[in-house]
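Starting off, we have a lone chain in the form predicted on its own, written out as structure tokens.
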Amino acid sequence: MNKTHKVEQLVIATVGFFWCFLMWFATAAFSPSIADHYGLSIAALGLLASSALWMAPIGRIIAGWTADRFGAPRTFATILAVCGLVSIASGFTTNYTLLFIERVIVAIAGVGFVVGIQHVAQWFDADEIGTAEGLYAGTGNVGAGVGALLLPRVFGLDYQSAFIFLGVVALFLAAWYLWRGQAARDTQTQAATSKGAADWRGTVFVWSRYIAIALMLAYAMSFGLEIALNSWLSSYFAQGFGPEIAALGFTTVAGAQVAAGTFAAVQSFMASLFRPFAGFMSDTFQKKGWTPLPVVAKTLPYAPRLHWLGIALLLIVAAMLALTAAGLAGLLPVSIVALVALGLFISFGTGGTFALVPLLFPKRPGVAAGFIGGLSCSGGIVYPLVFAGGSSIHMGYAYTAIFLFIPFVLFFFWAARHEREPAEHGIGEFKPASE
């Protein structure tokens, strides 16, 4: 069966994921020019930002199951082809309502993440899974930052041409994935995964575990926040630091869009580029046996990985509060520094989460990745609405940290408290943790 190598499969999955993210957040990259063209309000911008995530929760659950059942190459190629065609169509649209609907459909590209996670998990061993998944997810996530940084520079205000270009390339990548992609390293692994996806009792078992829910919330705090910021930060800097950006010489809509996109890309690049390091650190914590947090289990086989993730979640809360403080003080440079730290800590959370998922649910990696990676995207829908709905455009970060993230952290610590397998505890009936 093997006429390829795990590194080639990692490259194929990563390139596909990179382009999915580039398509997904192209709308955010051009939000200032779209808002200027159609006269959108701040509330409408918040709605546009959140709409990019509407398809992700249920879409990722379905895509994860489909990847287990039918293989990642078929699933990923379908996603690329469909989103590519609609992206091309959106480039010819002049009605805002239709454009909005089309960009919501293009946002389905975001479900490709869990398909790639499943694909990589089918090729790499347990001792290298954190680094491999970190390389895949980190490099792929760079697509959002590249979009924010380069698309406005290359295409200016011409978002229509950008959407067409992105769609055409997606069609070529879909063909490549079908040609060279291979679902698993051997037929036995592929058959076992497909059989596991067909067992709905086992699927419900995965969804009902407390630790699976805790990992979903952890990923909502990290990746859910990352994609919310990808959608929101260009608008945030353009609206929240308008005078400061104008003082830098960016006085036109196009100039403000470039400046705001550059600042927004800071978070995305930090969250993406350090995700392989986060996976490596999870592997390192595991190898060294480090368990510094007093409230998390210490004797589980994967306890050190739980501790690394817990540290990441605490740091995210602190950085969100710092971002609000910098914004209220009107300090653009300090806000950028806080954003750099937040992006770094987000990478710790995303890398730490998916260094655990394939190990906790080895027979159903797609199902687990779809559940955890899918429902967590709801944060990307909710957060921009909170960011845009406060008394100050800067206060939304503090509201999110205090009223959402702190309860999420407490639940994670509670779910990870058991000295036996946390995967054995949940709503459904007991089964071995390997299930």
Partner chain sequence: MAHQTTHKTEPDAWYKYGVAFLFAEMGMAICVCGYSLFMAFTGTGGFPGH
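Numbering follows the first chain given and starts at 1. What you see is a predicted model; the values in this text were computed from it and never measured.
Only in words, not in the display: the form predicted in complex with its partner chain, which the text now covers.
Taken together, Gly389, Phe408 and Phe412 are entirely out of contact with its partner chain in the model of the complex: none brings a heavy atom within 4.5 Å. Contact with its partner chain in the model of the complex, judged by any heavy atom within 4.5 Å, is made by just one of Ile336, Ala325, Leu85, Leu314: Ile336.
Checked against its partner chain in the model of the complex, the residues Ser208, Thr93, Thr262, Ser194 give one hit for a heavy atom within 4.5 Å, which is Thr262. Its partner chain is not drawn, but in the model of the complex it has a heavy atom within 4.5 Å of Phe280. In the model of the complex, no heavy atom of Phe100 sits within 4.5 Å of its partner chain. Its partner chain in the model of the complex comes within 4.5 Å of a heavy atom belonging to Pro365.
Within 4.5 Å of any heavy atom of its partner chain in the model of the complex lies no heavy atom of Val295. Heavy atoms within 4.5 Å of its partner chain in the model of the complex map, among the stretches 85-93, 211-219, 326-334, 228-236, onto 326-334 alone. Residues Thr262, Phe263, Val266, Phe269, Met270, Leu273, Phe274, Pro276 are the ones in 259-276 with at least one heavy atom within 4.5 Å of its partner chain in the model of the complex, listed in sequence order.
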